[in-house]
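Presented as structure tokens, the chain that follows is alone, the form predicted on its own.
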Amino acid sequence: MPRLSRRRVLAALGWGAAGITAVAGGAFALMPTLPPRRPPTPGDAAAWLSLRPDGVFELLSSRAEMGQGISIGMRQVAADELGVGIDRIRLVQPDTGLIPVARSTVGSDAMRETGPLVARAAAALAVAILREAARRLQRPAGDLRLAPDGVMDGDALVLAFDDLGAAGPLFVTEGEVAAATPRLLADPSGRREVGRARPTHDVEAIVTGSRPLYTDDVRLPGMVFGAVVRPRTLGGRIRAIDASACAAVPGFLGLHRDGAFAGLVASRRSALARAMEVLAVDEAEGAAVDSASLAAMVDVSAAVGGLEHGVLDDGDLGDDPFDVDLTLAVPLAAHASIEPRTAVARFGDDGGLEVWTGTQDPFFVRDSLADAFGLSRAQVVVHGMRIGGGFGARTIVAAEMEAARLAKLCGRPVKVQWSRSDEFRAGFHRAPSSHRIRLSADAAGRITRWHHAFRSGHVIFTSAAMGPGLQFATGFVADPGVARGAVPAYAASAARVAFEDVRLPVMTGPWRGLGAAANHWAIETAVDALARAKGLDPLDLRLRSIAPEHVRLRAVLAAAADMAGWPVRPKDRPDEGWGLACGIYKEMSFAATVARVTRTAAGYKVTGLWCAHDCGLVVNPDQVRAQVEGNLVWGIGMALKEELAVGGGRILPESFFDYPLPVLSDVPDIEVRLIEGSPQPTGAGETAIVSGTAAVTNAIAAMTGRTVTALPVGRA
């Protein structure tokens, strides 16, 4: 099996007792609060779903809606099991005052973890409703059935849902949920809503603004606007602040400080922006870091004494030369969510704290704020709002803490909305990484040797939440975010993988797919290079080398090739190339992509994408296709455009004018084929990111005859 081992002991790294003492005696910067990790249970699901007095079924979501469609999907699952129209399901966004503790909306796990439980709760509630109706009507439950408006006996409606709920909400128990057998898993032919395209949840309110959905829609009595004063350089320190010029700004309300924390508040957003412009800040600048120095910090060839997680001994390498030996580079990149981080905080007369925010983890926000302000968990309520793009960026407590601190200092409700500059300067980003992959194939085109060494900034053990001491301590365990996707689907018995996570002067952390995007790009680039070196078709080499257990990967690869007409693709056009790539996301979902790229005077342009995608049971095909398309557009950006530039110790971009992203004219026709390779939902949110980027760069390599070894490719 592939070897992806933990870090070697300190002695092997050359650390002695003095080194341990020095670190332990320093500022260890422990993370005070940890995110909830317990998976959802039938007891949780019993609290999520109920029949309300108005005859509507209320579904309390435990997962954040950030455009991925979990809200509409969960309503479909519940409606399907209850046999009612989807409009009878009212969904409430995550709220720590309403639901049991839930973990983050991350990792394409929302439908996989909660969908079956919602189905069980709905199936149990259907039984409970019939039982209650039988009791009230004094009829056998077997004579009754659920219909869209209530309980039927034959063709007659004998009890409406609002009559059933009139006496009070109807819930089910944990035992009833655990014992339920939903149609979602047992009877595909009986589905009414699951597998059907449905429009986005809240689409009318999104378009018309008829009710508050996003945090910036929230307006509270007496609310003011706040912004934090930050150093402009990486590692910089603010020495002094002069707000005297701000006093002339109409609507400016004051500068508030608490130790190193400082922020301005104003009655209007425009006044706040003007006050921030005229504020005078004296800053001790940090080190003069730039993009080149960041790349050098993760350069795999600069690793001294071997890599820390996994060992590639000389004996692993063998005596024969490799067919391919590549060094590949992935730069720093930003999340670039459309909606910037926003939070509203209000302290009540009882000392409790209420927060509205678009977060992927409302309970982590709640617990972090409670710990920071010395409150009990019950004294802090976090209302989860719809998110205008998450991608891992909303997993850390940021604007929420700032809004709460300013609200405490000024004694009024405060809204903090980061500027685009704040997003770049104060956010955490996709870690840069450097990869060296060496591999060989036998005469039949089967991969026989695989050695992948790489270095990266931290991902799960993010520097946005961990100080140097804690990151050193976690170094004894491999960062699972850095490792994600590093074990190839090829040459299972021959694969050797080792890596190292490096603390960088710029914050890095969770980014869509974590390390899977970079690692799969490196893997699929190397496989294509091997095919060219051996004179083999890239599709044939993959099919020969995919491990036998990955039947579903073979299926999506064959499907994508069929969709694109891979066998008959043009191969002799100097300004057009075709590439393919495939991958497995979290050992549960599968994707393969074919890309067609042309060379123009302006640079490379993707002119066609075909993707086969297997995330198991598909609840809403339109939403899954949208997720796939989004991942593929991210792949275009990663391949051709995106790099967060650093220079003179600063993050250089200030707005989207300075940060290159794909625009509509960069998006080609995209064809997606959904394959249900499992009766259970697995995960759609990030899967296609494993194949999109490499398909594009492999098409460029097919056109030019040169392997793309650094991202983004840029001009032709």
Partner chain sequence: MRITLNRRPVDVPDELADEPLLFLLRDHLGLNGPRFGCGVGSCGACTVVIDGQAERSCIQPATAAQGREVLTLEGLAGAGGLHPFQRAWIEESVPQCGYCQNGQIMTVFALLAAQPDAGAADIKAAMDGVLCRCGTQPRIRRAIARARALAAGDA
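Residue numbers count along the first chain shown, from 1. The structure displayed is predicted, hence computed values, not measured ones.
Omitted from view is the form predicted together with the partner chain, to which the following refers.
Exercise. Does any heavy atom of Ala122 come within 4.5 Å of a heavy atom of the partner chain in the model of the complex?
Worked result: No, Ala122 is distant from the partner.
Exercise. So in the model of the complex, does Arg420 come within 4.5 Å of the partner chain, heavy atom to heavy atom?
Worked result: Flag for Arg420 set to yes.
For this session: Give a yes/no on whether Asp217 approaches the partner chain to within 4.5 Å in the model of the complex, heavy atoms considered.
Result: Taking the distances in the model of the complex, the answer for Asp217 is yes, it comes within 4.5 Å of the partner chain.
Exercise. Do Arg269 and the partner chain come within 4.5 Å of each other in the model of the complex, heavy atoms counted?
Worked result: Looking in the model of the complex, residue contacts with the partner chain include Arg269, since a heavy atom lies within 4.5 Å.
Exercise. Which pick from Phe225, Phe461, Phe252, Phe364 sits with a heavy atom within 4.5 Å of the partner chain in the model of the complex?
Worked result: Of the candidates Phe225, Phe461, Phe252, Phe364, Phe225 is the one lying within 4.5 Å of the partner chain in the model of the complex.
Exercise. Among the candidate residues Val477, Ala179, Val203, Ala302, which is the single one with a non-hydrogen atom no more than 4.5 Å from the partner chain in the model of the complex?
Worked result: It is Val203.
For this session: May I ask whether Arg75, Asp501 and Ala516 each come within 4.5 Å of the partner chain in the model of the complex, counting any non-hydrogen atom?
Result: Verified in the model of the complex; spot residues all out of contact, no.
For this session: Tell me, please, which stretch of 628-636, 136-144, 352-360, 440-448 lies within 4.5 angstroms of the partner chain in the model of the complex when heavy atoms are compared?
Result: Of the options given, it is 628-636.
Exercise. Relative to the partner chain in the model of the complex, which residues of 381-408 have a heavy atom no more than 4.5 Å away?
Worked result: Arg386, Ile387, Gly388, Gly389, Phe391, in sequence order.
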